[in-house]
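Below you will find one chain, with nothing else, as C-alpha cells; this is the form predicted alone, and questions on how it binds or moves follow later.
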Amino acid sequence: MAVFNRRTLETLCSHTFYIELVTVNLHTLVDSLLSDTLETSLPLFRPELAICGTIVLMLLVRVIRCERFLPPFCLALVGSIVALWLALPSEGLAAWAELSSQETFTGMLVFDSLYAYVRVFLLAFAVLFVVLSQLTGIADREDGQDYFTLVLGATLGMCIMASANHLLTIFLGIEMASLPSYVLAGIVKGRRRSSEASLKYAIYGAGAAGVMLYGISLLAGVVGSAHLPTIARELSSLNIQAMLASSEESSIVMVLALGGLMLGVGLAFKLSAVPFHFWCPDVFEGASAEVGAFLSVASKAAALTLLIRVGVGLGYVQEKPQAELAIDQPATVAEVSTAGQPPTTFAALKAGSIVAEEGASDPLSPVRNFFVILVAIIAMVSCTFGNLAAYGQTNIKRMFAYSTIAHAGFMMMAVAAAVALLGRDTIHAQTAISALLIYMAIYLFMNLGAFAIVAFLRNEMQSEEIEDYAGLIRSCPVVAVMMTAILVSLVGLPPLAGFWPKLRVLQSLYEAGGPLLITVLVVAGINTAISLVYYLRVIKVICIDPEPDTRGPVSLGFLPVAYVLVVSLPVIVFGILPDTVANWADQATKHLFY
C-alpha cells in the first residue's frame, strides 16, 4: 500500500510539473504574441488600420443615414490621404534604403523596403482613383458608400498580398482583393453586359481560388510548414537532384512541383496571364472604364509583388535568418521554449530522404530553375498573345485589356530575371526588381490616364468604340495629345517614360543570361515592335481620321481636362527626367536581400 501511494504520488508530481511547465510556456507564448502584435506589428500596420477605420466609418454613416453631412467621397478621399501620409517614411522617400526587414504578426506578414514602396504606390493610386470616380460620376450619392467601401477593401487586400510571408496570407490577400473586385465589375446597374462581366469574373475567380488552395495544402502538407522562409530552409536541406534520381523519393518532388503549379494558378489569374486570361477582355469590356483602371493597375501591382515574394521566398534563404515562431504547426513544450529557433519540420520525410551534403553549391537551384522556366514561358506567351489579340479589337477597353495582358507578361520577365540572378548575383537581382518597380510606377500613370480619358469621353460621347474617337484632335486637342503621349509611352518609345522601364527589364534579362532568358529578351524586343502597330492605329484614328458625321462636338469640362493633365504629364516628365523614380526604386531594393 505504501509503495502504491509512493508511486501514485510520484506520478501525480510528474504530471503536475509537466502541467506547470506547459502553463508557464503558454503564458510566455501569449506574452510574446501580445508584445509582437502591440509593439512591433500594429505600429507598422497603421496605414492599413486607417483604411479599415475609413471602411467602418463609411458603413456606420450608411447605417445611421447621414450621407448628406458626410459624403462618401469625402470620407474615402480623407481616409486614403491619411493612409498615404502614414505610409510615407518620416525621413523622406530616400529612407527606404534604411528600412530593415521585419516579420510582423508572428511571421504571417513581412515589412521591408519593397513593401513600403508598393504600399505607397497602392495608396497613391487609391487617392487618384477616388478622385476619378467622383469626377466621372460612377460613385453617386446613393451607392457611394458601397462603391468606395469595395475599393478600399480591395486595396487593403492588395496590401496584404504585397506583404504576404505565409501561404495562408497569400490566399487571404488574394481573396480579399478579388471578392470586392467581382462586385465592382458589375457595379453599373441595369446593364446586362456589366452583370455578365461580374458573373464571369466570379466564376473564374472561384475556380482559381480552389485550385490554388489545394496547391497550398500540398506544399504545406509535404513540407510541414506554410511559412515561406521556413519552406525555403527545409527545401535547402534536401538534395532535390538526388531525390529525383531516386525512384522512391521522386514522387515527393513531383508533389511539390504540382503544389507549386497549382499555387501559380492563383497568381496567374490575378495577373491575367495566359492561359488564365479568359476573364480579362470580357470583364474589362463589360465593367466601367474606372473599374478597368483599378484592375489593370492596382491588381497587377499587388500580384507582381506577390510573385516576387513567392519566387524569392521559396528560392532564397536570407543570409541572416530572422527569428520566427512556429505558428503553423502544433507546438510542444520543447518547441515553445525554443521558439526563437527555426521550427523542426520535414522530420518524417528526412528520415528516408537523401539529405544534401554539407558544402553543396546551391541546394535551392532546382527550385529557382523550376520557377524561372515556368514564369519565363508564361511571360513570353502572355506578352505575345496579348499583343496579337489586340490587333482586331474595335472596343477601346477590350484593346486595353489585351494590352494589360501583354504588359503583365513583360513585367513577369523582370521577376524571372530577378529569381534567376538570386543564386549568383544578388546585386543584379536587386536591379531586376528595381526595373519592375519603375515599370509599375510609370504604368500607373499610363494606364490610369488612358482609362480616365476613356471614362470622360464615354460620358460625353456615349461610346467606347475606337472609330468614334476619329478627329478628336480637332475638338479636344489637350485630351488627344495626352492620349497620344500615353499610347506612345505604352509602346516604350523614347523620350517618353515607358521607354526606361522596358530598357531596364531588357538589361536585366541580358544580365541573367542563359539560353532561356536570352530567348525571352528576343521575344520581348519583337513584341515591342508588334505593339507599335495597334497603338499607332488608335493614334491615327484620333489625329488623322476625319470626324464622323454622326458625332456631335466633343467638349470636356475644366476638371476632367485638369485631371487628365495631372495623371498624364508624368508620362512626359519622367521620360525626360527618369532619375527620380529610378532612385526611389533603387533605394527600395538596396538592402532587400541583406
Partner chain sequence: MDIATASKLSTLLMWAWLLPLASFVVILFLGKSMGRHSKFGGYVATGVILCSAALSFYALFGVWLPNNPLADASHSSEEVHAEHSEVTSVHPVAFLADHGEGESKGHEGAADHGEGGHGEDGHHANNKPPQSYYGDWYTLGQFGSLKLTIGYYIDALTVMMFCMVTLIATCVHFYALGYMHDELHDFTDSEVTLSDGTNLKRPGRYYRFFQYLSLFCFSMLGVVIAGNVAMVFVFWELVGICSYFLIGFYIERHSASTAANKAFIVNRVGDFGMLIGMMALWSSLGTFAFGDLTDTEGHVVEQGIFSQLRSAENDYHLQATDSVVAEQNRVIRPSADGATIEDPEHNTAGQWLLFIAGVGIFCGCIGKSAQFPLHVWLPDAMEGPTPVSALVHSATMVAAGVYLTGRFYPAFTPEALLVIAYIGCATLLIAATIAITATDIKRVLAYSTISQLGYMMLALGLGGWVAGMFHLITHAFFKGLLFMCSGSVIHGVHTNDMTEMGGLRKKMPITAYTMLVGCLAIIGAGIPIIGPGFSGYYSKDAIIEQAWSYGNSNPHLAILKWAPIVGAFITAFYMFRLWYMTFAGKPRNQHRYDHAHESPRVMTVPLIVLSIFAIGIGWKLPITNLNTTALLEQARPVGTLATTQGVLLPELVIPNEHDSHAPAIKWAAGWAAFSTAASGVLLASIIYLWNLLDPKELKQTFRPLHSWLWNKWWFDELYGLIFVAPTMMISKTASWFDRRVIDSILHGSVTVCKGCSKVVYAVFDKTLVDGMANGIAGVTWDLGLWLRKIQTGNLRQYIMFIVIGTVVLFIAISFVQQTI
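Being a predicted model, the structure only gives us computed values, none of them experimental. Numbering follows the first chain given and starts at 1.
In what follows, reference is made to the form predicted in complex with its partner chain, a form of this protein that is not presented.
J.: Let me test this: is every residue among Tyr316, Thr431 and Val581 within 4.5 Å of its partner chain in the predicted complex, going by heavy atom positions?
T.: No: none of Tyr316, Thr431 and Val581 comes within 4.5 Å of its partner chain in the predicted complex.
J.: Is Asn369 one of the residues lying within 4.5 Å of its partner chain in the predicted complex, judged by heavy atom distances?
T.: Asn369 belongs to the contact set for its partner chain.
J.: If you check in the predicted complex, is Asp282 within 4.5 Å of its partner chain, heavy atoms only?
T.: Although its partner chain is absent here, Asp282 would touch it in the predicted complex, with heavy atoms inside 4.5 Å.
J.: Report yes if any heavy atom of Tyr402 sits within 4.5 Å of a heavy atom of its partner chain in the predicted complex; otherwise report no.
T.: Output for Tyr402 is yes: heavy atoms within 4.5 Å of its partner chain.
J.: So, in the predicted complex, is Gly207 in contact with its partner chain at a 4.5 angstroms heavy atom limit?
T.: Answer yes; at least one heavy atom of Gly207 falls within 4.5 Å of its partner chain in the predicted complex.
J.: May I ask you to choose, among Leu503, Val82, Ile377, Met461, the residue with a heavy atom within 4.5 Å of its partner chain in the predicted complex?
T.: Selected option: Ile377.
J.: Considering non-hydrogen atoms and a 4.5 Å limit, which listed residue (Phe73, Phe499, Phe276, Phe111) is close to its partner chain in the predicted complex?
T.: By the 4.5 Å heavy-atom cutoff, the listed residue in contact is Phe276.
J.: 431-439, 297-305, 483-491, 198-206: which one contacts its partner chain in the predicted complex at 4.5 Å, heavy atom to heavy atom?
T.: One stretch meets the cut-off, namely 198-206.
J.: So which bits of 256-272 sit within 4.5 Å of its partner chain in the predicted complex, heavy atoms only?
T.: The stretch 256-272, when checked against its partner chain in the predicted complex, contributes Ala257, Leu258, Leu261, Met262, Val265 at the 4.5 Å heavy-atom cut-off.
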